[in-house]
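This text opens with one protein chain seen in two forms, each one given by itself as structure tokens under the names structure 1 and structure 2.
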Structure 1
Amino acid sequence: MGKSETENKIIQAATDEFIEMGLDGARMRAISDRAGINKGLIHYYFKSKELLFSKVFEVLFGVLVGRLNAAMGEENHLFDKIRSFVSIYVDAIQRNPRIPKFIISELNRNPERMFKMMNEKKKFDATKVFKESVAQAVENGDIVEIDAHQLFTNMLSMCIFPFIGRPMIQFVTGMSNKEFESYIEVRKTEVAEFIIRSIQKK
């Protein structure tokens, strides 16, 4: 087994352990058992549980941050930013649905630690760029007066909830797993258009 393959196995096993147990409850022995790798080998690659947690966070959070920063950084209209944001965000979580649960669980367990890690990973303030785009759209008369933070929260909530609430949604609607995946595909455009319609000046 090569170095990169070994590291990937450790990170995948650690992700499962951290999601279930959190940083404080996770054990390196449990991670080694999940990965089927000697505990000493894990310590060779990652000197401590905290360093391994930081790597898992970097992988999961980085999936979102890089792509979302790119979407927000584009020189385009607010509506295009909303469409890009929703499509990229939903697609990223669809590929790795453990991201919201991991981040939200750790935010509840230790918000100060998570905020510190998130601040270290983000390359620029995407919400600041979004706020500027909202202000410009209001000034141009394209949208109604709206608080940018409220709008951003609405976008995040509508993107994240279906993944967090999937069991409840499938139970209430009777959707099969295949139908749910189709439903998520539709949301990549439906959420953006719903939001745009709600703020667009008639």
Structure 2
Amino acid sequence: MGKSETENKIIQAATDEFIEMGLDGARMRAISDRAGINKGLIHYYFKSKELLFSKVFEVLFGVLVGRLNAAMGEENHLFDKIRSFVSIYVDAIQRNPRIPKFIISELNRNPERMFKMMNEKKKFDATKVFKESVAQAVENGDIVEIDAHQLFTNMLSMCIFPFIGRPMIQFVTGMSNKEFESYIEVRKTEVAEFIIRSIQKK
């Protein structure tokens, strides 16, 4: 399974190009230039643009799923799960801010693909763990009664949206780039506290 040097360079270059330009906007020419190799070689290794894209998507999607599971599995108490999820997740996206947009575009473009991958990858259990934890907390009387899916997607929204909607947010709020950076830093802890304040019983 050892990939050649060239193959790796192509995948890396393709990842950058697809993330920046999307599937339709990406150019094979641009990918070969980024990789510093011949355009024809891409077809030698990956046959077509579509197959190359699939490869890139698989890798990125796997990383995303892995992070979701990791962030959710580490802590026991619901509040700590939430704190852990927010800080790990926002931090991870901050390092690769264009990945969510890429993943979401592709899931919109081709929803069937995700079912295929669902079967291929190890099963996605982050939300199951989360739901159980919410049920437990409700039972213990720690939090108000709330639908776990609503809660989970609220959390996901506040973690992901700022990166997808960054230009919109900067436009609406008038934040500078510098201000946006510290705005994100604040969110690594404050989004979790925002959520916890909302659900905990006093």
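Remember, it's a predicted structure, so these values are computed and weren't measured experimentally. When a residue number appears, read it as a position in the sequence of structure 1, where counting begins at 1. Between two forms, the rigid core is defined as the largest C-alpha subset superposing within 1.5 Å.
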| item | value |
| --- | --- |
| Form predicted alone - structure 1 or 2 | 1 |
| After fitting the core, residue 181 CA displacement of 2 Å or more between structure 1 and structure 2 | no |
| Core-superposed comparison between structure 1 and structure 2, residue 192 Cα displacement 2 Å or beyond | no |
| Per-residue C-alpha change between structure 1 and structure 2, residue 54, threshold 2 Å, rigid core fit | yes |
| Inter-form CA displacement between structure 1 and structure 2 at residue 40 - rigid core frame, Å | 4.8 |
